[in-house]
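For reference, the chain that follows is the form predicted alone, supplied as structure tokens.
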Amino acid sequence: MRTVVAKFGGTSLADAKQFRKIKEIIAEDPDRRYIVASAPGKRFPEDTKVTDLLLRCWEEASAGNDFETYLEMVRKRFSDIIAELGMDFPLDEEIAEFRKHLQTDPQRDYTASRGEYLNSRILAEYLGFTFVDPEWCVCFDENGVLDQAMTRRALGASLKPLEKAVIAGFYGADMNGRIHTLSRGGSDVTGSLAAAAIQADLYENWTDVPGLLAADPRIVEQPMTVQFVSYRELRTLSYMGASVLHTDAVLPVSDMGIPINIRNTYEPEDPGTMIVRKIPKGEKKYPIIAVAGRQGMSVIQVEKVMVSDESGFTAIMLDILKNRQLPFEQCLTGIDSVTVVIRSDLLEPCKEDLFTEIRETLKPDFLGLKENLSMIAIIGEKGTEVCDANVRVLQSLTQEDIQISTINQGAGKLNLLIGVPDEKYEEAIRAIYRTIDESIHETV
């Protein structure tokens, strides 16, 4: 018998109708024994996520204001689900306890976690599964940093004795019982940790999209769904803005070779996207599988004659950024130059002081700044090994008269990173996607 961990996102658990649909999906495969649940998401575009309502409760409570309006909105979201499912659940008791917390010592993470807590309890009772509170087994240190090793042991000890269970996503606790949350979308990480802890055969991540798309559907109309993608490719895509899966959700399962299957709750018969260590034999491996990007970047260029011969020049430049806790996206070096790509919103508050320090410390011949840039990643483990693939990508941008500000390809041959002006970002994405589409159809 296989063991499957299935995580359901906020849109998949937004209302009673979705609860019924999820129950059908779980019933279709008895191997789906461990379920990870998010808080209720949006039921329609203008709706508000429950987590956002909870954070408004915390904001008002922390400021000493009346939070009852938002708390009532939270209560009604859950009461509607309970009533439509015909359940008997002690919601009023839970809301009363939560109200007391807001009135006495409102804590942001505890407040934000209550959406997952309540939704998971309701789902567990609806399914007839055991509820597992991550407060007991998702372990943080006192600084709110997740302890993955301890979490894996604690989760394994909590889940393995249970035939079927629902565990709340997104949060855990430290040794003192204080609740800590992961970053938004962190239920993906909880699911990955659970899959690793019980050595699952498969980790399913159910969401509202058909899988990993080859491009942003807000820019490219009806982009292709990628059938297979490697762990490395997915991490890069997630980092560059493809929001199908939390970036940190890949590591726990990739260490053990557990595949991830991105599935669509609205089209459960669709196979979705499989994230694996290696593409199965017999499946086609395309040179480039997807394109993703991030806007709002700046490029700092430091030039000095024969900088490559000056010991430690690049290291000093990066130390300047490190001491300012200013992370960079890319660092490119040449014979006479060092180029660093940084998020504009992080650079702006310290730009003048940073440039002054660079001038005084490195004494460059030239110090320049380019702003309003976008970084685009063309992803494919085989793509950068195929000369024609790179050439065609660059030609597509040239044909559209799109200026290329930076080009970077690492020795790992995973992706090609290209910088273009922000105003040309969407045009560049569409041009590159056409190249991907053409290459795939030629391969088929």
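Throughout, we count residues from 1 along the sequence that is shown. Computed from a predicted structure; not experimentally measured.
One more form of this protein, predicted in complex with a small molecule, exists but is not displayed; see below.
Undergrad: Select from the listed residues Pro252, Pro223, Pro210, Gly186 the one whose heavy atoms reach within 4.5 Å of the small molecule in the predicted complex.
TA: Contact check passes for Gly186.
Undergrad: With the small molecule left out of view, choose which of Thr51, Thr406, Ser396, Asn390 has a non-hydrogen atom within 4.5 angstroms of it in the predicted complex.
TA: For this set of options, the contacting one is Thr51.
Undergrad: Taking the shortest heavy atom distance, is Trp206 within 4.5 Å of the small molecule in the predicted complex?
TA: Contact check for Trp206: no, nothing within 4.5 Å of the small molecule in the predicted complex.
Undergrad: Name the stretch: of 131 to 139, 99 to 107, 73 to 81, 186 to 194, exactly one has residues whose heavy atoms fall within 4.5 Å of the small molecule in the predicted complex.
TA: Stretch with heavy atoms near the partner: 186 to 194.
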